[in-house]
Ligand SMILES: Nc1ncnc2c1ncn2[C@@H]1O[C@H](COP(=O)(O)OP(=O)(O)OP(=O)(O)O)[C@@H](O)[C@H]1O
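In the form predicted on its own, a lone chain appears below as structure tokens.
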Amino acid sequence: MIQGAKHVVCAMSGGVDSSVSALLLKRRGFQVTGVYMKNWDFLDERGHCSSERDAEDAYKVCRMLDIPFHQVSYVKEYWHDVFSNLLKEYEKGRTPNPDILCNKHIKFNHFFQYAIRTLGADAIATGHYARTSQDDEEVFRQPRMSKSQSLFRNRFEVRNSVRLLQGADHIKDQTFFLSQISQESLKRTLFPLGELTKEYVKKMAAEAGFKHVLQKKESMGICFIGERCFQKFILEYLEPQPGNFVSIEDGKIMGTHKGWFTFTLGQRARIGGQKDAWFVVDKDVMSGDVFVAPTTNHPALYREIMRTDRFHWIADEPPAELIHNKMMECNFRFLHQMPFVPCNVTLNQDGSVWVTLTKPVRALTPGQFAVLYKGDECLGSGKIVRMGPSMYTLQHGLEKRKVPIKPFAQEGQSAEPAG
């Protein structure tokens, strides 16, 4: 170990990305400690605990690198800060994003505090494909955290904000999942994979002998559900709320369901006795009705306006351009890896924002996060709490008033003026 080397605590998941992150940090001469976080108690169908396997894989990597290894449990914190919130959101008819909340509350709050204050780290590191606007030396020049921090930031302080930037591998870029983290934790975080591609990371893992992590399938979806049926899983925690599938076009009852919270907008609704595919386009929590439409690109699935809750700005709060011009042009996405959609943003007095897209987007979903970008920079995100009318509603209303309308254009198509 290098005398006087900076101490970096690396979050270890037992996967390829965090393993190579620890390897890179060790090669750069840092004093590295690996920490595995247990966030959920989960047994797979054969009775094996996947978190125990992951912890063993992480420990094996740390042993190969000759670095200390720790385990810490955030099961209670995860339940309180992430999962309870998830259940409340589903009960409101929304579709939450637990991965964004996990980063905000667990990895970049509880784990960050543990690494800095308990283990005495100078910085933390994760295996995310992301970059920041500061270099390593700037990370280690950040002042030590005080024991107690004010709830409100001093509006006159010089912030020297750190910006969150997309990873060099835009296909693997994970800034979407980091869009709610605090400026305080971002300033003390290293992303060793930020300039690398996934293929190069796999090559490094192979050369280092990390065969046991290379053979693992990459985790996808919500970690605590695994490969189980979502409807079956959520009904273990929420009481069934039977209701009807209702056609958005004529109000006809198409079938029944066990609960509106088991569906999200845009998904296929498996309705008994129906040959053709029907898709969820809206939900009524009061009546329990789930509205469906007969095609995957039905106009009822497309919207172009939404409102968020109080927006979380990562660097500027909010951006000077938005304050000065009362509006700002940038890019939007609400799903990881979805293509950017240009948009206009306006700021409300309560800190929420209205987002108006330049083209309608399929299955905008309350509870998901509207994540905004300016060039390579991830500006932050806000939870979608309200949406404008669908293209179907707009067309239907205009038709009733006998006003000539512009035909709705599905993605990949252009809308030509009528007549």
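Being a predicted model, the structure only gives us computed values, none of them experimental. Just count from 1 along the sequence shown to find any residue number.
Keep in mind that the form predicted together with this ligand is missing from the display, and what follows is about it.
- With this ligand left out of view, the stretch that reaches within 4.5 Å of it through heavy atoms in the predicted complex is, among 345-353, 121-129, 160-168, 332-340, 121-129.
- Among residues of the shown chain, Y36 is one whose heavy atoms approach this ligand to within 4.5 Å in the predicted complex.
- When contacts are judged by a 4.5 Å heavy atom cut-off, H257 does not count as touching this ligand in the predicted complex.
- This ligand is not drawn, but in the predicted complex it has a heavy atom within 4.5 Å of K172.
- None of the heavy atoms of L25 is located within 4.5 Å of this ligand in the predicted complex.
- With the partner omitted here, the residue from H298, R307, K107, K283 that has a non-hydrogen atom within 4.5 angstroms of this ligand in the predicted complex is K107.
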